Ligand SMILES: Nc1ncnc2c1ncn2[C@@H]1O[C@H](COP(=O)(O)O)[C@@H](O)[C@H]1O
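A single chain comes next, written as structure tokens; it is the form predicted alone.
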Amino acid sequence: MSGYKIAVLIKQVPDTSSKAGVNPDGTVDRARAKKMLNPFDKFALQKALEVRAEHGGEIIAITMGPPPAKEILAEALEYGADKGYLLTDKRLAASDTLATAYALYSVVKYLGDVDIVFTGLQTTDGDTAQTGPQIAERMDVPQITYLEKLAVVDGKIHGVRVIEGGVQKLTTSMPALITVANSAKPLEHKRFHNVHSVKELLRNEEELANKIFTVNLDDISADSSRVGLVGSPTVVGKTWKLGEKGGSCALFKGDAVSVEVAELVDKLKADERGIEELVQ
């Protein structure tokens, strides 16, 4: 196969427009919440499509979750991915970022000879931005985080990443892992046919078997003691749902921090209620 072997890690998350509840044990009630493809992962998929369009190769979408997560793999195929892999296993339940990174790393290792791994910057249900970098550490490959622009020349990745106060240009060899910033080029929706095509693919078992593959921990030779609750050192003290309140916000951007802080202070001084809430 000419070109590059590209893996894109995606995740099914609760739809941000739905009202996801909280279980008695403090975990998010994912079973009843509507699902969607993590918006940050769409930027990663777009970058993978750009690399394949210029250099050829294969795009493999990878996700971890329960069987219904096949839906977002089918969506990735509609956008242009070549195949998908679903890692599903009850032993993965309650995995934190460390355990999740190990599990996804095991899938990438199982696939073998992956040149570039793309991930979204973070997920809307976790917002930690830890999983991608942890996978790179396990792979022992260079990583570029917060990537905005990318070019592949003579087998090397030339990236522009967002940093505080500007951008940074980096060059690295392959294999490498890249987390893509949400300021990068968005996924071209014209690639997406329609939701009915996704449903048709999910109903067509023969076609699905040739494009989306399901594996468990044993299939990928992963150590079950390093995933799930037993493999997760993170301890969540408490989770609760905030009350639904209306309100408004003011955005200060584009100036030096000192200028923005001064504007914010002036704004608060002009709003007695804001001052009272800030003191409390």
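Residue numbers run from 1 along the displayed sequence. For clarity, every value in this text was computed on a predicted model and none was experimentally measured.
Missing here is the form predicted together with the named molecule; even so, the following discussion is about that form.
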* To do: Could you tell me which of 62 to 70, 214 to 222, 49 to 57, 251 to 259 sits within 4.5 Å of the named molecule in the predicted bound form, going by non-hydrogen atoms?
  => 62 to 70
* Does the named molecule come within 4.5 Å of any heavy atom of Leu147 in the predicted bound form? -> no
* **Contact of Thr172 with the named molecule in the predicted bound form (heavy atom, 4.5 Å)** => no
* Asked: Is there a heavy atom of Gly126 no more than 4.5 Å from a heavy atom of the named molecule in the predicted bound form?
  -> yes
* Any of the heavy atoms of Asn204 lying within 4.5 Å of the named molecule in the predicted bound form? -> no
* Does any residue in 98 to 124 get within 4.5 Å of the named molecule in the predicted bound form, counting heavy atoms only, and if so which ones? -> Thr100, Leu104, Thr119, Gly120, Leu121, Gln122, Thr123
